[in-house]
Structure formats: C-alpha cells, structure tokens
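Single chain ahead, written as structure tokens, the form predicted on its own.
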Amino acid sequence: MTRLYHFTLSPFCRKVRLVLAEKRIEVELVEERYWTPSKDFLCRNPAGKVPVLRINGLTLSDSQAICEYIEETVPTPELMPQGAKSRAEVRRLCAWFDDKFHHEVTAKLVYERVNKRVTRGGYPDGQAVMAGARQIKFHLDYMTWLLDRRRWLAGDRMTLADFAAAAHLSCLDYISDVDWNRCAVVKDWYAKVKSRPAFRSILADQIPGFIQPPHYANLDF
C-alpha cells in the first residue's frame, strides 16, 4: 500500500496528492501532526516535515523529490515535458512557488491564519498577514504575464508547475485569500486545473474550525 503522511492544508502535500491522483496511484492518507512529531515519524523523515511518501518499499521526503520520483517510475500521463530547456522551466516554476511564493504569501496567510490556530502556536501576526496580502498581488500579476503568453504556466501542456501553483492557491482559496476578480486569465487557468479528476479529493478537504467558502468546490466558481 502506498501511504502518504501529510497535513491537509500543506501545499507541498497537496502537490504530491495531485500527482498521485493524476497518475491514478491509490494512496492511503495519514494525517501527521508534524508540529508534535512522533519518534516513528522522525525515523521516516528526521527533518520532521511533511510530506513523506511510503512507496515501493521506499520512504521518500521533499515534495519535489517525491513528484519527480513518481514521474520517472510512472511516466504516463506526463507531467514533465521533453527537452532539457522545457524541463528546466518546469523546475524553475516549481521552485518559484515552493520557495518564493511560499515564503512571501502562503506562510504569511495560511500559516498565520490557520496553522497557528491548529498547532496552538499563538495569534496571527498582523504585519505578516498584511505583507502576504500585498505580495499575492505581485504573484498573481506574474502568473497573468505567463498565461498571456502560454496556454499553461510552463508552456503548451499542463505540467508539474501547474500542480505546484494550484496546490498553493487551493490552500489560499480555502480561506478566501485569492482575489479572483483581479486576474481573469489566472481564474480561468485555475478553473481548468481544479476541474480535473485529480483535484476531487482536494476540493473535498475539510479543516476542523474552518468552513470552505461557497465557491471553493464549485468548478464554475
């Protein structure tokens, strides 16, 4: 049995879940309280972070490493393009969302508003929340710039870069922190991604104490 140790509103875990679902790999989801890691969990990943995937007798960590392992072992449907240049662009955009977007937006909005409450880590930092609200505008504008020139974020086909971006935006959308009226082209792109069967379990997620906004699971917004 393939098993994913995850946290529901982690964009990194959601990225892995999307790839597993797109590849039609059945997986058992195990909610992990990573903020109070057990000895067993630290044995699986000494870094104490999710996601951790148990697959084919291996224990893998780091969302990008996990996703690329899945891509190499289950090559269809393809989530990485052919050619070194195109693959480099996908990896660049994955890093953009998992590093820059994460630190400037996700960590300042989702982590402050949700994770602190779930983990009993104190009250949200108002300055951080305001900074995240400012920075998301820049990132949405950058996505608009990309999508005005490409069908998908990294080119003419959907790739892992789209799942990386959608994983972060889905977390933010759960707490109504995406102004979809700002960016029609990004809204249309997200509607295409979240209408895929792979997105169904993400849209069904429920976080205790936080209610989905009405549009969250609506494929037509």
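Residue numbers run from 1 along the displayed sequence. Owing to the predicted nature of the structure, the values given are computational and were not obtained by experimental measurement.
The discussion below concerns the form predicted together with another copy of the chain, not included here.
*Asks:* With the partner left out here, if you bring back another copy of the chain in the predicted complex, are Leu172, Asp179 and Leu203 all within 4.5 Å of it by some heavy atom?
*Replies:* Zero of three within 4.5 Å in the predicted complex.
*Asks:* Please tell me which of Arg92, Arg134, Arg149, Arg120 lies within 4.5 Å of another copy of the chain in the predicted complex, judged by heavy atoms.
*Replies:* Contact with another copy of the chain in the predicted complex is made by Arg92 alone.
*Asks:* Picking from 155-163, 32-40, 186-194, 53-61, which part of the chain touches another copy of the chain in the predicted complex when contact means heavy atoms within 4.5 Å?
*Replies:* The contacting stretch is 53-61.
*Asks:* Check whether Trp96 has any heavy atom within 4.5 Å of a heavy atom of another copy of the chain in the predicted complex, and answer yes or no.
*Replies:* Yes, contact at 4.5 Å.
*Asks:* I'd like to know whether Lys49 contacts another copy of the chain in the predicted complex, with contact meaning heavy atoms within 4.5 angstroms.
*Replies:* Yes, Lys49 is a contact residue.
*Asks:* Do Asp141 and another copy of the chain come within 4.5 Å of each other in the predicted complex, heavy atoms counted?
*Replies:* No - in the predicted complex, heavy atoms of Asp141 and another copy of the chain never come within 4.5 Å of each other.
*Asks:* Using a 4.5 angstroms cut-off on non-hydrogen atoms, would Arg87 count as touching another copy of the chain in the predicted complex?
*Replies:* Yes, Arg87 sits close enough to another copy of the chain in the predicted complex that at least one of its heavy atoms falls within 4.5 Å.
*Asks:* Would you give me the residues of 61-78 that have any heavy atom within 4.5 Å of another copy of the chain in the predicted complex, in order from first to last?
*Replies:* Ser61, Asp62, Ala65, Glu68, Tyr69, Glu72, Thr73, in sequence order.
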